[in-house]
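The chain below stands alone, shown as structure tokens; this is the form predicted on its own.
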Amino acid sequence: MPYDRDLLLFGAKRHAVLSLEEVQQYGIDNYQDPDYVSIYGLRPSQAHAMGVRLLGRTAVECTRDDLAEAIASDVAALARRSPSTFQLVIDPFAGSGNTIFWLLRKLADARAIAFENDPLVHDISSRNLALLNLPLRLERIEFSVGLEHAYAAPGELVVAFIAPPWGRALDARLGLDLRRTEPPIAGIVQTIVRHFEPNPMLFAIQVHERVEPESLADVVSHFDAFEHKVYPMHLEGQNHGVLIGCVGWSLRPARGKRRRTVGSQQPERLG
């Protein structure tokens, strides 16, 4: 029985706590790498020895170290070019908490808020983070409700990492449809923009190397400036990437002074 995406995400292993051998087998069967699911800066054997445990769905859905560090580095580089010297980092669907762990490494002085509404994922990830003494607490609440108690200081840059469960939004032939994630990406962006307006915002959305074009254009239309890149870490068809978008500011100061109306003009490309 192959330890593939269907078994761990949709099958009998979805809510099962995986053994070290199962975590490694998933990496071997899908990426020819027993250390593929490395998180918190630890290889699976190191993490397991410390008491870190993963559910089947988390092994598939987590943003592993190589990818999380690459995304965090790109986000931090752009955040340093923003008009604000203070950052509030938000992860509405934290899962393992690995991406926000890397974001806090790259944005050393940032504050952080993370939400995880699934009770099983929340409990096991909270225990993992406590074992590692990470300065991060997961709030067990739906993110739109949790945001009601989240505040940004005037002018503070809000950095949001968005990676909701893809579920069946990822099609092997068509790629990732950002309208079919759970919930859809554009709605998440709109919710965060409404809550934190008029603060400058920087969104980082985890994507697949193939993204359904109309769904990508819909999300990009909400940004003043954007960058879409793929990290070539694996064979073609197995790579992930990031869509980074600015709202309320851009690399061109004149355009960052007033928030544009969605669809009123073409957002600029970051570079």
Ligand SMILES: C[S@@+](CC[C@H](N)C(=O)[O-])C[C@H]1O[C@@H](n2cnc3c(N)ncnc32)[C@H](O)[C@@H]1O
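The structure presented is a predicted model; accordingly, all values stated were derived computationally and were not measured. A residue's number is simply how far along the shown sequence it sits, counting from 1.
Beyond what is shown, the protein has a form predicted together with the named molecule; the following relates to that form.
Contact with the named molecule in the predicted complex, defined as any heavy atom within 4.5 Å, is confined among 91-99, 73-81, 151-159, 194-202 to 91-99. Checking Ala47, Ala225, Leu67, Cys62 against the named molecule in the predicted complex, a heavy atom within 4.5 Å turns up for just one residue: Cys62. Checking Leu107, Ala169, Ala163, Val189 for any heavy atom within 4.5 Å of the named molecule in the predicted complex turns up a single hit: Ala163.
Using a 4.5 angstroms threshold between heavy atoms, Asp123 stays clear of the named molecule in the predicted complex. Contact annotation: Glu116 falls within 4.5 Å of the named molecule in the predicted complex, judged by heavy atom distances.
Shown alone here, Leu134 lies farther than 4.5 Å from the named molecule in the predicted complex, counting heavy atoms only. The named molecule in the predicted complex comes within 4.5 Å of a heavy atom belonging to Ile141.
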